[in-house]
Ligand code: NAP
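Presented as structure tokens, the chain that follows is alone, the form predicted alone.
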Amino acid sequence: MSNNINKTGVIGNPIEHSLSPEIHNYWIKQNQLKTEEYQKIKLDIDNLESQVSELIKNKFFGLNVTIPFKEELYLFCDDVSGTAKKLKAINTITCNNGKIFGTNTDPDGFINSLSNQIKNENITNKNALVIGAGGSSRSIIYALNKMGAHVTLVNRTFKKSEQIVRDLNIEMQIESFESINKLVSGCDLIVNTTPLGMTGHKNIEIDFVNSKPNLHVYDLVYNPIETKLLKDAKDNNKTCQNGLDMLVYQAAESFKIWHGIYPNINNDLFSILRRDK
């Protein structure tokens, strides 16, 4: 890393809710790196590329990309990783010698956030139900397919689901959003990739009465820490986790790309993040 190119941050809109600065700055301090604090930066969809170019001119060599820019900035990159090419979306930008390289650490973040037990008992050769067909859904489906899951995708519009099938070229079942409760009984894993359940949004209502005893429920939402979906799952004796795990593990992949260090992920960091919610 050049001494005069030392800024990192996250761009999105909205961006106020982001916990990425808490994560990256914790690791920057822990590793005693000589770099400026990681920042969160709100950008407008209009003139997005020129705004990113201006950030790079102002010595930002690494940027995380969050909603709604992951797909928009995919085409902005000079080169992209194989994963990003498959997903047609990026979440990490690195600027090196004037060239912009994009990758997507979300799939690895999701995979690394799962215990080996969940992978073996709930994913490999098991039935996974993915709710939502946005940018995060692509990463989750890609990761689940990589781990050998049989994926069913539910979304309010078939058109978006069909586009994901075409783009990822992965064999999966597509069902309507209204069919969730009919599908639950055959699921080993449920992943919510929508904002439903997030503070200020409506909740997802799922009936777990006829679900499998070892069903695992994964909600990418982490604000609140426990969504109604996770509370209902716990009340029905299901194992579950929120989106903090994936957030931290995808951040660790970006941190390694930029700084050459895979950071220490510990309970102290998670305690800080939970206090901030």
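All residue numbers are counted from 1 along the displayed sequence. Computed from a predicted structure; not experimentally measured.
Keep in mind the form predicted in complex with the named molecule is missing from the figure; the text below concerns it.
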Discussion item. So if I measure heavy atom distances to the named molecule in the predicted bound form, which of the stretches 153-161, 81-89, 166-174, 183-191 falls within 4.5 Å?
Written reply: 153-161
Practice prompt. Would you kindly say which of I67, L33, I225, I56 lies with a heavy atom within 4.5 Å of the named molecule in the predicted bound form?
Written response: I67
Worksheet item: Looking at I93, A149, A133, L129, which has any heavy atom no more than 4.5 Å from the named molecule in the predicted bound form?
Response: A133
Practice prompt. Look up in the predicted bound form whether L196 has a non-hydrogen atom within 4.5 angstroms of the named molecule, and give yes or no.
Written response: yes
Practice prompt. Give a yes or no for L229: in the predicted bound form, does one of its heavy atoms lie within 4.5 Å of a heavy atom belonging to the named molecule?
Written response: no
Worksheet item: Using 4.5 Å between non-hydrogen atoms, is N145 touching the named molecule in the predicted bound form?
Response: no
Worksheet item: Taking 4.5 angstroms as the cut-off for heavy atoms, does T103 touch the named molecule in the predicted bound form?
Response: no
Fill in: Full three-residue contact with the named molecule in the predicted bound form, heavy atom 4.5 Å, for V10, G12 and L63
no
Practice prompt. Within 4.5 Å of the named molecule in the predicted bound form, which residues of 207-223 have a heavy atom? Give them in sequence order, or say none.
Written response: L220, V221, Y222
